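Take a look at this one chain, the form predicted alone, written out in structure tokens.
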């Protein structure tokens, strides 16, 4: 007799549940319901940007702007330090009594290193924070999920979520959508 709870061995073959929606409003209501139920390992999948979905999902702000800002500061400091070292310390060359180091003359290089460091950190940080590249995913093998790039909206809840219970999670998804709830199997 099953109590609806799953153990780790039961979850091994099940990646999670997937449910489809026809309209944006239905997806937003369902996302809020999943968020309010306390699930943390779930996602909404859409063919285009939906304003307000991040609020409905309870998505927290990312740390990426802070990473990019610190990388930009590092780039500016590295550019100025490099120029100071090469012009004033490593190979001082006095020309017409001009100072060995002058900040205004070094602004263009410092600006370029700021942009370079910030851009590279934005790309690498975005990839790392999103867990990319991910060339294979259990959802990609689902036939109905292919419509996410065209005209369908989906919510998936992973079996690894601490609150995931086979019966309880299925019941929640059935209550928010008139579409059938699909089981997604792990990739083998």
Partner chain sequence: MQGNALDITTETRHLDGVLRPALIVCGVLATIGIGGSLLLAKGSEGGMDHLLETYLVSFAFFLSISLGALFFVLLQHCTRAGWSVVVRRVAEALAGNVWLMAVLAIPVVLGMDHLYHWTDAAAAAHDPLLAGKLGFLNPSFFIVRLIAYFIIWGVMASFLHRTSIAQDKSGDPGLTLRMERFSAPGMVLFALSLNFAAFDLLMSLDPHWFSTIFGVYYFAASVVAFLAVMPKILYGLQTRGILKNAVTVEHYHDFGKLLFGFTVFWAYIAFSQYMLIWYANLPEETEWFLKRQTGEWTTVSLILIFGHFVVPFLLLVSRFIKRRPLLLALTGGYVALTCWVDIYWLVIPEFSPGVARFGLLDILCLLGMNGVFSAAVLFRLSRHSVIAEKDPRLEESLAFENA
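Residue numbers count along the first chain shown, from 1. No experiment lies behind these values; they were computed from the predicted model shown. Superpose the two forms; the largest set of C-alphas matching within 1.5 Å is the rigid core.
Below, we refer to the form predicted in complex with its partner chain, which is not included among the displayed structures.
Heavy atoms of residue 52 reach within 4.5 Å of its partner chain in the predicted bound form, making it an interface residue.
Proximity of residue 69 to its partner chain in the predicted bound form falls within the 4.5 Å heavy atom cutoff.
Its partner chain is not drawn, but in the predicted bound form it has no heavy atom within 4.5 Å of residue 92. Within 4.5 Å of any heavy atom of its partner chain in the predicted bound form lies no heavy atom of residue 77. Heavy atoms closer than or equal to 4.5 Å to its partner chain in the predicted bound form belong, across 86-119, to the residues 95, 96, 98, 102, 104, 105, 107, 108, 111, ordered by sequence position. Relative to the superposed rigid core, residue 73 undergoes a CA displacement smaller than 2 Å between this form and the one not shown. Annotation for residue 114: C-alpha shift under 2 angstroms between this form and the one not shown, rigid core superposed. Once the rigid core is overlaid between this form and the one not shown, residue 100 counts among the residues whose Cα shifts by 2 Å or more.
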